[in-house]
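Let's start with one chain on its own, the form predicted on its own, as structure tokens.
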């Protein structure tokens, strides 16, 4: 079963297994790569925009806090990190 970042539980660290770069513009893809969002990267979803919206999504990437759109998060496949 494929798990997508836009549906990931908050506060639980996950690993990026695949990114559908074709689902976003070149500028969006470049921005995500500049933030360090790449296959194999460990991230932690922190919080979502509001009660009524899942947009945007705040992530911890290393020591950085990054904000991405739900549409971008839906293009990122994740897997649990083995304990």
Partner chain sequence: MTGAIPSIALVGNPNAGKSSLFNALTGARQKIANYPGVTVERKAGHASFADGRPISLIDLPGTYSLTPASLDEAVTRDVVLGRQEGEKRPDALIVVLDAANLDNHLCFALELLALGLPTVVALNMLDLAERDGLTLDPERLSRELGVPVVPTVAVRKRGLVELLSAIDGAIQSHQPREAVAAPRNDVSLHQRARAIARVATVDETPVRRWTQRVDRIVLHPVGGLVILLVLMFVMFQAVYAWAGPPADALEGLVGTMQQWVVATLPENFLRDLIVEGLLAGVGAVVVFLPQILILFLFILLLEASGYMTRAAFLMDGLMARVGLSGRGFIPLLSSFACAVPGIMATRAIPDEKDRLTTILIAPLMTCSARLPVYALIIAAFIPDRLVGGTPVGLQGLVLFGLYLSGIVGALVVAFVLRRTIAKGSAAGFMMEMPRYQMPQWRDIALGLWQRAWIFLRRAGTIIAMTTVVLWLLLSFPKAPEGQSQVEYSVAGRIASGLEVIVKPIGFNHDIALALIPAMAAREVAVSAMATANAIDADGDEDAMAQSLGERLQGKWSLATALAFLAWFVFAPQCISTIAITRRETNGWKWPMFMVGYLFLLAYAAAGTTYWTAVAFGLG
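Quantities reported herein were computed from a predicted structural model and do not represent experimental measurements. Positions refer to the first chain, counted from 1.
The form predicted in complex with its partner chain exists for this protein as well; it is not shown, and the discussion that follows is about that form.
Contact between residue 67 and its partner chain in the predicted bound form is found at the 4.5 Å heavy atom cutoff.
Interface residue remark: residue 60 is counted as part of the site for its partner chain in the predicted bound form, having a heavy atom within 4.5 Å.
Residue contact check for residue 56: one or more of its heavy atoms lie within 4.5 Å of its partner chain in the predicted bound form. Contacts with its partner chain in the predicted bound form, taken as any heavy atom within 4.5 Å, map within 25-59 to 28, 30, 31, 32, 33, 34, 35, 36, 38, 41, 46, 47, 48, 49, 50, 51, 52, 53, 54, 56, 57, 58.
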